[in-house]
Ligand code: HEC
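A single chain comes next, written as structure tokens; it is the form predicted alone.
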Amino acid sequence: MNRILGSKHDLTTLNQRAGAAAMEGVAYSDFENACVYCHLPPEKELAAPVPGQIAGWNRVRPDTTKYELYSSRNFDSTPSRPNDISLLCLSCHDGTLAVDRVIHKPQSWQSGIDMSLHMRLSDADNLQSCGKCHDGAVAHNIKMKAIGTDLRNDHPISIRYAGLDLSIKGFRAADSPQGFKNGVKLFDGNIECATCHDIHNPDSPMMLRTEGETLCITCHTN
């Protein structure tokens, strides 16, 4: 069973859940398929990559020069840009691209009916941004979901997990190269957005991979 259906990441049922008619088809295109906003449609899974595509995914790669990443003098190195697996999340949540900015639209979708404004997940007050209405007054405030491109106040991403080097103090050894038994994941040994967040588990608050109280101490010993 697809647990995305009916969750916050199911963009095909927002009008139904909100009791409104101002999102699907107006703010963004409703492709009538909850998966294609991230995943390639089945008929395009073997298609050759196109310029600007996040490799293996159905999203356009954001402009990576816009990001300001967390850095510290304690880091051996600072990434110059987020890795693709985190760009997948940021391609919606940084507010620079429309939430329906996909590479391939489903074959069944009728493009002739598209009247969407193709709005972005940004808290700005303009007709390109969801924040025009989602300001906490007209509709719920989206500020927490709108991450932006300044990531300096967020947990660092696209960095190698220090616990893979057993000589570094303050970090727990991972249970495997893929992460920890409680579900916290590593991607090629790196910490990414999906290390802590599992968008396929809508039952968890903030879609965290484990309870908030234990999430930090999964990796950190102090």
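In case it trips you up, residue 1 is the first one in the sequence shown, and so on. No experiment lies behind these values; they were computed from the predicted model shown.
The following text describes the form predicted together with the named molecule, which does not appear among the structures shown.
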**Request:** Although the named molecule is absent from this view, report whether Cys92 comes within 4.5 Å of it in the predicted complex, heavy atoms only.
**Result:** yes
**Asked** Does Ile191 reach the named molecule in the predicted complex, with heavy atoms at most 4.5 Å apart?
**Response** yes
**Interface membership of Thr195, the named molecule in the predicted complex, 4.5 Å heavy atom rule** = yes
**Item:** Arg59: touches the named molecule in the predicted complex, heavy atom cutoff 4.5 angstroms
**Value:** yes
**Fill in**
When the named molecule is considered in the predicted complex, the residues of 136 to 157 having a heavy atom within 4.5 Å of it are Val138, Ala139, His140, Ile142, Met144, Lys145, Ile147, His155, Pro156, Ile157
